[in-house]
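In the form predicted alone, a lone chain appears below as structure tokens.
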Amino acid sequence: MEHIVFGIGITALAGALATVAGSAEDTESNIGSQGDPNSQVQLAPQMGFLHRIFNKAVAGEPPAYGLWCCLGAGLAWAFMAMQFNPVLAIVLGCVLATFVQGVYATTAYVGRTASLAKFGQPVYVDILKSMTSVTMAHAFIAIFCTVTLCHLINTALGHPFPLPLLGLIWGIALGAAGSATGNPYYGKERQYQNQKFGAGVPISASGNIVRFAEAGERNSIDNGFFTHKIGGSASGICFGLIVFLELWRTVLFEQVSAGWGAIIVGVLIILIFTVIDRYIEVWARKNYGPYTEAKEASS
């Protein structure tokens, strides 16, 4: 009984860390314009729409965060093997991994923007200086929380995988959660606020992203401030639920039927969420329906 209570406590703590990591990851991605909606940012100068958006995407979020979290976890594991305090080892490992992310962001932004020089897109030095530090700060939070929950899984719950491998797996899961949950909000609700809600993005509007804010030109800080409210929170809840439910079913049902109990519970959770998702989709379609032009009031 004590083992189960301890495991549930670790599960709750890991879920809380995952929630913070998911929120920071999505905000970092949106400020850096990395992920699915980034194609429109890359296309904008080619269509004649110059902008001040920090454009650093080279790889998608899952492989990128798999790399950074694996690197942070691997360095922390090496420091702990050198008899460093675990807390200090994790902090140092995540700091070094964040510096790698900063180099990645700098070279990606400069390289991508240089490739658009023939379309007149300049490299804004002030954007490079300000946005890189902000993305690094959010990346550190995401990496640190992910590596810490991997350490808890490894030491407190006795997971057999080594820390670097856990960092790779959960880093990929973190990037996937942010990409699937938060990026649509950034792409559809922020980049195309000039389109009518529900209308989608017509071919004629490709690259015509919103480039001007309430005062002056819009930059990536504006995007991060906007998308963090809902997109970041949704991404955090998504990743937090993934971690919590995964560890919860393992702690409670791993001993049932030689591990088959945890597998069966996992399948049931997937089926329950599938039914809920389908219900919400049908409800939304019935209540809102397809997009149609507003009918003009009769005179």
Partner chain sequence: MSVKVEVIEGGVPHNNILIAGLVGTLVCIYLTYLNVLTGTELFSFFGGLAVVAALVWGSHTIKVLCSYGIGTGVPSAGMIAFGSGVIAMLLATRFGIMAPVVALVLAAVIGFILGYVSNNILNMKIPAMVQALTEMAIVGALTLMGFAALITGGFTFAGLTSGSISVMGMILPSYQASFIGGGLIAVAFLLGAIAIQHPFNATLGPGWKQDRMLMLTAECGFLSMIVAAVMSFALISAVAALISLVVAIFGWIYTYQQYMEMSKRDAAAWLDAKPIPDVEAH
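Positions refer to the first chain, counted from 1. As the structure is a prediction and not an experimental result, all values here were calculated from the model.
Although not depicted, the form predicted in complex with its partner chain is the subject of the following passage.
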*Option touching its partner chain, based on a heavy atom within 4.5 Å in the predicted complex, out of 131, 75, 209, 177*: 75
*Given that its partner chain is left out here, which of 123, 221, 156, 87 has a heavy atom within 4.5 Å of it in the predicted complex?*
123
*For this chain shown on its own, do 43, 58 and 115 all sit within 4.5 Å of its partner chain in the predicted complex, going by heavy atoms?*
yes
*Though only this chain appears here, would residue 66 touch its partner chain in the predicted complex if you measure heavy atom gaps against 4.5 Å?*
yes
_Is residue 51 part of the interface with its partner chain in the predicted complex - any heavy atom within 4.5 Å?_
yes
*Does the 4.5 Å heavy atom contact test between residue 137 and its partner chain in the predicted complex come out positive?*
no
*Do residue 119 and its partner chain share at least one heavy atom pair within 4.5 Å in the predicted complex?*
yes
*Residues in which of 163 to 171, 223 to 231, 145 to 153, 181 to 189 have heavy atoms within 4.5 Å of its partner chain in the predicted complex?*
163 to 171
_Any residue of 73 to 104 that, in the predicted complex, places a heavy atom within 4.5 Å of its partner chain_ = 74, 75, 77, 78, 79, 81, 82, 83, 96, 99, 100, 103, 104
